[in-house]
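Take a look at this single chain in structure tokens; it is the form predicted on its own.
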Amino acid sequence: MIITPKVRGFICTTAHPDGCRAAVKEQIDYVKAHKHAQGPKKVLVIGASMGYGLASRITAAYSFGAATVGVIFDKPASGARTASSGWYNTAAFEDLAHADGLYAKTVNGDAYSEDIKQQTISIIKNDLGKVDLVVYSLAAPRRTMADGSTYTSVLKTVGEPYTNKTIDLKNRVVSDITVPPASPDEINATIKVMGGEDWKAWIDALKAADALEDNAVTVAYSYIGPDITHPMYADGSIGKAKDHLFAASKEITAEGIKAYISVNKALVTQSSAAIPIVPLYISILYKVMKAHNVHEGCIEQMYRLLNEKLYNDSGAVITDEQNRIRLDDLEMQPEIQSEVSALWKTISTENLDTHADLEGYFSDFYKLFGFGIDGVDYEADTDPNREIQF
């Protein structure tokens, strides 16, 4: 079949297997070309099929030769429907990793569930014994509990409505949007989905099974951003969940496993594309950071995290005064934020091309699903089926 991108809202409902493979190989080649520190050898990545989770798995494997176990929640191709991009990414990673002599296994299912936790732990115990790094990179819109109840996260403010600029990406129109405040129940639900409860549950389950090395480290991902996005992110319903995640890192550390929050840069992901105001900020940020030659994608961020911040020649984890790893250090440089703020104040539909990098935004968006990648023949008849060896 000829596979083309079909976009609905902020997601693409199709994915290209050859494009996803090419994108995975690009990331592998990046890591292979750079200097490597001494790092972990047995790594669990929870949320391993896209974005920061996939880049973490690639970096661990190709920086340190680590055996990796990934947990994903993705769908294979079925009839005229392509597989999800996460499925294709994982199939490509496993195939390339195995060809390079690296151990890689994947568990596909709901990472929040006890069943998937136990399946994953069984693989670790049987094949690796224990792991020395656990990456928690789960990004899900909802969570179903053991009793069948379901919590759904919301992208809202806390306390008061917030009005600011946003962009209709389909029509490339800048307008104002007012985001309503979340109710107490919605805030609680967002914390349930995106907070630290499940991260700690994973660590507790691994500890109970004696599946963590004595020197094991765990890291989860967060974002803070500038004042422009604070009402929607850092101070919004998501921010409350991220506060809970940070609190969980302290609790996990107090119980004997060093846990860190990595505050990452704003990037185009399936999650960020859904947040009002944020895509417009990202498109301006891309323009400014590229002009200063400090722009990074997921693989550059995760390479720096694992080779410079978390593991490095000094042996000391590089953190801020609150024990957070700051990979947003380039984004938050005063000169970068000053330029972004100046452009934000005057951006409009008419000056999008001069004030923002929409082409870069869309390129990254389509690349998430395997489209727009050099060297891939998108006119060719392509078999949508790819296998993952579970």
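All residue numbers are counted from 1 along the displayed sequence. Computed from a predicted structure; not experimentally measured.
There is another form of the same protein, the form predicted in complex with nicotinamide-adenine-dinucleotide; it is not shown, and what comes next is about it.
Contact annotation for M50: at least one heavy atom lies within 4.5 Å of nicotinamide-adenine-dinucleotide in the predicted complex.
Contact check for T163: every heavy atom lies farther than 4.5 Å from nicotinamide-adenine-dinucleotide in the predicted complex. The shortest heavy atom separation between T218 and nicotinamide-adenine-dinucleotide in the predicted complex exceeds 4.5 Å. Proximity of D168 to nicotinamide-adenine-dinucleotide in the predicted complex: non-hydrogen atoms within 4.5 Å are absent; the residue sits far from the partner. The listed set V134, A259, M194, I284 contains one residue whose heavy atoms approach nicotinamide-adenine-dinucleotide in the predicted complex to within 4.5 Å, identified as M194. Of the residues given (L212, I277, A266, A182), A266 alone sits with a heavy atom within 4.5 Å of nicotinamide-adenine-dinucleotide in the predicted complex.
Remark: of stretches 334-342, 23-31, 66-74, 348-356, the one touching nicotinamide-adenine-dinucleotide in the predicted complex is 66-74 (heavy atom within 4.5 Å).
Contacts with nicotinamide-adenine-dinucleotide in the predicted complex, taken as any heavy atom within 4.5 Å, map within 119-152 to S137, L138, A139, A140.
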